[in-house]
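Presented below, as structure tokens, is a lone chain in the form predicted alone.
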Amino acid sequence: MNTKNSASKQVVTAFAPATVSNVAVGFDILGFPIEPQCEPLGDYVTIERDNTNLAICVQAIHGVVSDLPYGPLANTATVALLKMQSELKLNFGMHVTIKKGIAKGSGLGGSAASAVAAVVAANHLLERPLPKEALLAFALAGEVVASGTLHADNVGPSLLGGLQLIHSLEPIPKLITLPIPQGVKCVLVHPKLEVATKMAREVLAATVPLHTYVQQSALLASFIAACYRSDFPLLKSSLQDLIIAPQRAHLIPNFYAVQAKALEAGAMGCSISGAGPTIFSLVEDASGDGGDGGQAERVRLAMVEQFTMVGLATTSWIGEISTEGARVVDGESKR
């Protein structure tokens, strides 16, 4: 049994960053976390240990989203914790408070971030904390509640950090960390509308033409090669989504205009983050802050302008791909 014997309650808070999944060329198998320079973008989960019973319950949900399920079998954070409690045979309960920093249905991995932050916080309460990789299966259980499918391209990057390639999920999750070429920045633009992940998956065709599959496979392989070689021209020619984005573009007003203007402004690639409606661009920008005059800032302004033209307010960020992932930000020292 992996647990503390303390009779007192302990409180731990963990942070899990927002993520960009699919990354244009890798539907359900590629993702990375982004942490903007201006402010954290992600979810915080605080867990108070309860040694009097085994119940796991949500005490409060606040932040940019508050209308999420409180039931332990419906909330991604508590489902992940229930899986963790069952597998590790923990003899304590948990009171959970969630501070959402990721908008609902934004395509930035909000459901995954809550599950990840929850298991990272709970792990801090263990006498012998598990390595991060061992927490992945617990967080995945929570993500299934939100999306209806088992995929790790949000959970994996949010937990581990870095550009992650999902090698396999069963019998145990296996991820490969890809190198991130120096000087790459990510621009995120979130139009103020919501796209439910389950609905975005329902619009996808069940089959793909063989020639399209072959083309997309070549682009994915080229993207991976470009990362290892830090080959920006190859990276730019590889960042094309021939399968998923064309089927989801109608869910995002002015998508193709946003994409075209981003590329015109200097982006290496521009596509839908996760299920959308957030759109991401990858930019070669060695400037220190992505501020005025930087390539990333020019791309951001171009994308925002196209949403403004169709009457959509936006929130936007510039940041680098985070290599840190989820972590404890406040908690009692372990004995």
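All residue numbers refer to positions in the sequence shown, first residue = 1. The shown structure was predicted, so the numbers you read here are calculated from the model rather than taken from an experiment.
The same protein also has a form predicted in complex with another copy of the chain, omitted here; what follows describes it.
- Here the chain stands by itself, but in the predicted complex one stretch of 87 to 95, 125 to 133, 160 to 168, 139 to 147, 160 to 168, has heavy atoms within 4.5 Å of another copy of the chain.
- At a distance threshold of 4.5 angstroms between non-hydrogen atoms, Leu219 is in contact with another copy of the chain in the predicted complex.
- In the predicted complex, another copy of the chain lies within 4.5 Å of some heavy atom of Ile244.
- For the chain shown alone, Ile29 is a contact residue for another copy of the chain in the predicted complex, at least one non-hydrogen atom being within 4.5 angstroms.
- Contact annotation: Gly71 falls outside 4.5 Å of another copy of the chain in the predicted complex, judged by heavy atom distances.
- Proximity of Ala225, Tyr228 and Ser238 to another copy of the chain in the predicted complex is complete: all three residues have a non-hydrogen atom within 4.5 angstroms.
- Here is the short version: of Leu234, Leu263, Leu251, Ala196, the single residue with a heavy atom within 4.5 Å of another copy of the chain in the predicted complex is Leu234.
- Residues from 202 to 221 that approach another copy of the chain in the predicted complex with a non-hydrogen atom closer than or equal to 4.5 Å are Leu204, Ala205, Ala206, Thr207, Val208, Pro209, Leu210, Tyr213, Val214, Gln216, Ser217, Ala218, Leu219, Leu220, Ala221, in the order they occur in the chain.
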